[in-house]
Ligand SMILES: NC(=O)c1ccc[n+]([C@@H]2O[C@H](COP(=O)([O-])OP(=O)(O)OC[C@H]3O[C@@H](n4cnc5c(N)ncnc54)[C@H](O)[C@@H]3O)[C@@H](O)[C@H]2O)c1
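Here's a solo chain for you in structure tokens, the form predicted on its own.
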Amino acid sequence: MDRRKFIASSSAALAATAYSSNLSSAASQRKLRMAIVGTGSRGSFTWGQEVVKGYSDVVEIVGLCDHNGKRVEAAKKLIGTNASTFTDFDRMIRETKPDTVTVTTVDGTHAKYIIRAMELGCDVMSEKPLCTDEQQCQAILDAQKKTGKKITVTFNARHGLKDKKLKSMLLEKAIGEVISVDFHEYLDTSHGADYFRRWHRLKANSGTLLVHKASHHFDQANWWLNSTPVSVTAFGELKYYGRNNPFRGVNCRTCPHKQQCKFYWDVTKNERHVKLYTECESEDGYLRDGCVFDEKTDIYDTMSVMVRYENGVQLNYTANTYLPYEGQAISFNGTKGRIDLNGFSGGGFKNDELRLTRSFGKSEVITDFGPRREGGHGGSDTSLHDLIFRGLPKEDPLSLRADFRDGALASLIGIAARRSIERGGQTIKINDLVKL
């Protein structure tokens, strides 16, 4: 390991240890005081209801904030908390004095709340993505350096049982040195379509799915490879949703094409969506069941990205959002073999396995992943919560903790991919976007 990498890895280890120690110390003396800004589904459930249910002995939710006054009150009831509610972020911080602020707002506003929280003296936990463009990223990095506050990005995708097992196999050099990675994301006409019903369909809100959705995947790749992305080349188009349909409406409930549209979706069948969204529309006009064929949609539904890393590895990433089945196919190609992580179903077949195939040797399915946890995303959210709120596991050989640099790099791959697409497939260097 050269001096630069040693310093970087040492600093990351010290930061992770310090963060865990601070939380453990706070827990031993008093509960961690946490405020939440953004009380939609993720904020009210993963960082609200689930935290109250499993971590009330070490965490106290002291404030809830949302620009929609009705939604924040609905979220308070769903969470089951006595926390004060606000529509003014600064007022919430002044009156509740939280130790940390969890940011679960629309992606395009993450940077605003992250920076303001640090300026007001709070540490920050941010849902992915950390930011949606390079200017936001640089502003966050500058504010963190100025304030010295901590930023944790909540990448739950590192915590899947198979994902952790794959990481350990790579650390053990099960396939020698990694040469390239193929990462294919399959989103079906339910999950994939849902991004085009919501605020995500606008670049101004999400930075495209290459930032909102794929930042999970790019963080996984960075983490698995233990390397830094250097350059990105990408292509992307809107080929299926948006303007690509002869008819459209405003939203499903009022649409005259209910009978003929295969994407008709009844939001009123989901009680949580009704309470958080449909009953709150009068405040801001946000429609949870917007039309997937809205002509204002400007994100991509068909994406292809190539990333080159410092260690010479090449990542080939694709994402399509209108397929007949859902899942992923991830392959690591190495000097001594190949690892395949497949997880998808539908269309009359199922393939869900982690397979190790050695060059000039046998192929075997890996089955020992440890016990499955309860909780969201197959127990990944619970594993993430344990790490953040209880400092568990005490040792972190798999580097599960993600700091602000990890969050920045994951976002920057997606940001660079968007810029590459906008410039006709031009290769974008990460260091030309932001000075890390």
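A residue's number is simply how far along the shown sequence it sits, counting from 1. Given the structure is predicted, the values throughout are model-derived calculations rather than measurements.
Missing here is the form predicted in complex with the ligand; even so, the following discussion is about that form.
Although the partner is absent here, F332 sits far enough away that none of its heavy atoms falls within 4.5 Å of the ligand in the predicted complex.
For the chain shown alone, Q220 is not a contact residue for the ligand in the predicted complex, no non-hydrogen atom being within 4.5 angstroms.
The shortest heavy atom separation between P129 and the ligand in the predicted complex is within 4.5 Å. Looking at Q314, you'd find every heavy atom of it more than 4.5 angstroms from the ligand in the predicted complex.
The single contact residue among H377, K70, K31, R373, judged by any heavy atom lying within 4.5 Å of the ligand in the predicted complex, is H377. Interface residue among R198, H257, K150, K162 relative to the ligand in the predicted complex, by the heavy atom within 4.5 Å criterion: R198. Residues of just one listed stretch (93 to 101, 169 to 177, 120 to 128, 238 to 246) have heavy atoms within 4.5 Å of the ligand in the predicted complex: 120 to 128. Taking a 4.5 Å heavy atom cutoff to the ligand in the predicted complex, the contacting residues in 35 to 66 are V37, G38, T39, G40, S41, R42, G43, D66.
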